[in-house]
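Shown below, as structure tokens, is a lone chain in the form predicted on its own; questions about how it binds or moves come after it.
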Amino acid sequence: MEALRTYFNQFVQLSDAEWDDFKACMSKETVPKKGLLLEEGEKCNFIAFIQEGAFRFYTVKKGEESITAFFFAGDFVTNYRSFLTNKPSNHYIEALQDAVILKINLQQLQQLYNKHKTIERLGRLIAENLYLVVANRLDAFMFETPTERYEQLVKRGSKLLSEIPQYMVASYLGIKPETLSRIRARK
């Protein structure tokens, strides 16, 4: 739980009472490797903070998987679009390794927002930060080559390169595994 409070402190400082109320709404869950946190067609009514483990966020179209994002310890994981709209998800969220998460549902979060304006502000700031991550990823696909996207992963020292199978990294980059092999061979 302290990792979560440390994460929150990057945005706002919660009082002990606010933190206690937030903690009381969180449930700790374990998710086994290959376990699905969310399936296509389900409504996502939670946000989870990853204490341990990693997840992938992907779709399946015509039998082919397309990975949109990876989430690691210290990240939040959810299908935010489904969460906000109460519409079924078109993505899966799968554990890539055994994981431990702290989960809060939409109703509890709304109650916290109504009770504590600081928590409501925290939610807005985190959402804004997540928007920037998504916008940067979109820009990378629009304005960078696959080689440039790969180089950005290397520069960030991304966990993707050491913890994720190469075929999944290729999917995330929007390329075939053979193309990733060629890019890596040139480096």
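Heads up: residue numbers just count along the shown sequence, starting at 1. Values in this document were obtained by computation on a predicted structure and should not be read as measured data.
The protein also exists as the form predicted in complex with a further copy of the same chain; that form is not presented, and the subsequent description refers to it.
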{"item": "Non-hydrogen atom contact residue 161 with a further copy of the same chain in the predicted bound form at 4.5 angstroms", "value": "no"}
{"item": "Partner contact for residue 61 in the predicted bound form: a further copy of the same chain, 4.5 angstroms, heavy atom", "value": "yes"}
{"item": "Contact of residue 147 with a further copy of the same chain in the predicted bound form (heavy atom, 4.5 Å)", "value": "no"}
{"item": "Partner proximity in the predicted bound form: residue 52 to a further copy of the same chain, non-hydrogen atom cutoff 4.5 Å", "value": "no"}
{"item": "Among the candidates 36, 26, 127, 154, the residue which, in the predicted bound form, approaches a further copy of the same chain to within 4.5 Å (heavy atoms)", "value": "127"}
{"item": "a further copy of the same chain in the predicted bound form - contacting residues of 80 to 108, heavy atom within 4.5 Å", "value": "80, 81, 84, 85"}
